[in-house]
Each structure stands twice: as C-alpha cells, then as structure tokens.
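One chain comes next, on its own, written as structure tokens: the form predicted on its own.
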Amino acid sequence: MVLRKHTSEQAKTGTSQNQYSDKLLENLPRLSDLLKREPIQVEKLVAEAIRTKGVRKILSELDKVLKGLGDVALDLLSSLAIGRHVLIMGPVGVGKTTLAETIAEILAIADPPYIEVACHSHMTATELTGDIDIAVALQAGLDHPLAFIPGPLVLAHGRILILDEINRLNPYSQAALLQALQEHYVYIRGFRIRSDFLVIATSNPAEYSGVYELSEALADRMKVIEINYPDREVLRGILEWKSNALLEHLGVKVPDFLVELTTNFVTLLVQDSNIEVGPSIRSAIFALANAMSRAWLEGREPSINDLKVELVENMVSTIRGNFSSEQEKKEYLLKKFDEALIIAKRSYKR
C-alpha cells in the first residue's frame, strides 16, 4: 500500500510538471508568428501614455523614487514622444538606470513595459539578436518553441529597450544594434523579424575602464542627456532620504550631523579637480546605512569613526585620480573626511 501511494504521488507530480512544461512552451514565441509581426509606432504609444497620465502626475510619481531630476525627465519624455532614442550619461550612482526603469514603468506602454540588458564587453551580437538552435530545429522543426532563442532586440518589439552601460558593448554588438535601429528588422540566419522599440541607454564617462566609444552612426541616433552631480541641498536630501529608507525596518534614523558630514565629504570630492572619476552617490548612501547598521548590531549610538570607516571603504574602489597606490588613495580620502568634519562642526556652531 505504501508503495502504491508513493507511485501515485510520483505520477501526480509528473503530470503537474508536464502541464507546467506545456504551458511554458505555449508562452514561448514561435518563429512563424514572429515573421508575421506588424509594425508598431512606439512613439505613439508613449505620447498616448503621456496624454493619459499627464506630465504632472508622471513627474510626481518619479519624484517618489528620484528627486531633483524633473528637468532631465522632461528632456527624456520629449525625446521618446517623437521616436528619438535616448542616451543618459553621467557618473556612477546618480540614478541613470533607476531613471530609465522608472520612466518605462510609469509609461507602461506594454506588458512587461521594458526589456533590460546589462551590457558588457564580451557580449556577442547573437546575444542581442537571438539565434536558432540547429539541433532542435533539425529534430523538431524550425517552428518548435525551443528552436528559436529570441534576443532582447526581438523581445523589445513594441516596448522600451533599456541598455545599461551601452558603452561597454564592443563594436560588433554595436553594429547589430545599429542595424535594428536603422531598418527596424532583426536578421537571424536569413530570417527577417520586425522589431520596433525605443532605446533608453545609460553610459558612464569615457574615463571609466572597460568602455568603448560609440560609433558615430549609433551616437547620431540618440539624444544625449547628461545627469551631473546634484547641487549640495539636493544631494543632502537624497542622502538623507535614501539612507533612512534602507534603515526603516531597523527602526533607526541617520542623525542630521552624519548626513551633513557625508554631504560635505562628497561635495569636496566632486569639487577636487585632481579627481578624474568622482564619488558614487550610491556608495555614500550605503556608507551611511552601513555605519548605522553596525551601531545597531552592537546596541550603541553611531559614531563619526563608524562613518569614516564606511565612507573610505566604499569610496576607495570608485574614485580615480593621480594616485600611486591604494594606500595613497585611502590617505587622501581620510584627509578629505577630516576637512569635511571641520566644515560640518563649523556649520553646527552657528
């Protein structure tokens, strides 16, 4: 009886797995359907979404996630509404990718609203376009759901395609992207698949390692929007808001003085002309949160030294300049922290 029960349970599990597999296969795109695709004017979908939601509401929703980027968002929306691809440039940690994702989510022109690709230097053109599995095609036919492996350039049809760190794409992958932008078709082993999408790409400055220069033809098809470091008051607000959001479930809040001190520290680094690659705001937020979390774990109040340690550890891998060694960079950061501390103490005495 036990054996029979066990066999029965196995049969039920096997049936359930088969049903799941069948459902999964049904949802996979077939090559024959992709070849019949109709053109989609994505800019019309964007314009309609803007009309329906209203610019004020879109900016209000964005402000819940990112502050101080209203003008940048308007620039982004005005470009998408006329079918212009966008390239957001700026240093690490200023919110480029979050801006792209949030705008795509708010517009919600499709389900899912966007396809995202984390670009890297070893990415092949096939990873972007997709490919045909020859073994499956020979055995089960070209139209079997597993015979065609669609890439993001195919999946993005009728959507927004977010290309994170686009300047990490090598020239061959850039060429595959350019062809799709020029012709609105993706070519895979002789098959031509329609694909209409709008790109929101992000890019780090050229001085970062592991990046390629975008081809002139590709860059010409994109509106370049720059995000710089926010001004001091906006920066302070972002640091306070984001770090406290990370700590909310711990029931602790960052003291105003530590926020002020971190703001001074980041500002001093940004203003230093000897720094080639500036500080990451994201790293500064996590440094604040980590300092608070460490103190929470030990059941004590956070100290200035807690923050000092976290800021140096978080920033040493992000900033770049004329340093002969990592130790020299650490000493530089410690010196800047001490300068920031003096400024913070002066402002609090007033």
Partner chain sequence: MVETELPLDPISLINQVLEHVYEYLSSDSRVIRPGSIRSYEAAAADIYFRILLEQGNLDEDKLREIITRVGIQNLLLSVETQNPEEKKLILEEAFEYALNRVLRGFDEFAKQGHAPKKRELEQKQATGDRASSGTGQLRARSRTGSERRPGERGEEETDLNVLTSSVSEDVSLSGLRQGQAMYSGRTASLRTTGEIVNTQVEEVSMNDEMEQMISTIYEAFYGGVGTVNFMNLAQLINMFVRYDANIIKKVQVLKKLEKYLRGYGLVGQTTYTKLTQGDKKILEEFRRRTRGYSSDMAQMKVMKFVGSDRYPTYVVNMREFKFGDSYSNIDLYKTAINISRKSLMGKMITSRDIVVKEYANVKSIDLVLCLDVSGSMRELSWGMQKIDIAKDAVSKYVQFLTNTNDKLALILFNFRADVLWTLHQVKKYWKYMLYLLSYVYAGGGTNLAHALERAREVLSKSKSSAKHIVCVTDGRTVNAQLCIREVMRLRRQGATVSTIAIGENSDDDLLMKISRMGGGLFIKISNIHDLSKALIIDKLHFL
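Everything numeric here is computed off the predicted structure, so don't read it as measured data. Residue numbers count along the first chain shown, from 1.
Just so it is clear, the following notes concern the form predicted in complex with its partner chain, a form of the same protein that is not shown.
Of the residues A175, A137, L246, V252, just one reaches its partner chain in the predicted bound form with a heavy atom at 4.5 Å or closer; this is A175.
The partner is absent here, but in the predicted bound form a heavy atom of I188, alone among A147, L258, I188, L239, sits within 4.5 Å of its partner chain. Between 278-286, 44-52, 31-39, 307-315, the stretch whose residues reach within 4.5 angstroms of its partner chain in the predicted bound form through a non-hydrogen atom is 44-52. The shortest heavy atom separation between R84 and its partner chain in the predicted bound form is within 4.5 Å. At the 4.5 Å threshold, heavy atoms of E233 stay clear of its partner chain in the predicted bound form, well away from it. Residue contact with its partner chain in the predicted bound form: G141 places no heavy atom within 4.5 Å of it. Using a 4.5 angstroms limit between non-hydrogen atoms, A219 touches its partner chain in the predicted bound form. Looking at 64-84, the residues that come within 4.5 Å of its partner chain in the predicted bound form, counting any heavy atom, are D71, L74, D75, L77, S78, S79, A81, I82, G83, R84.
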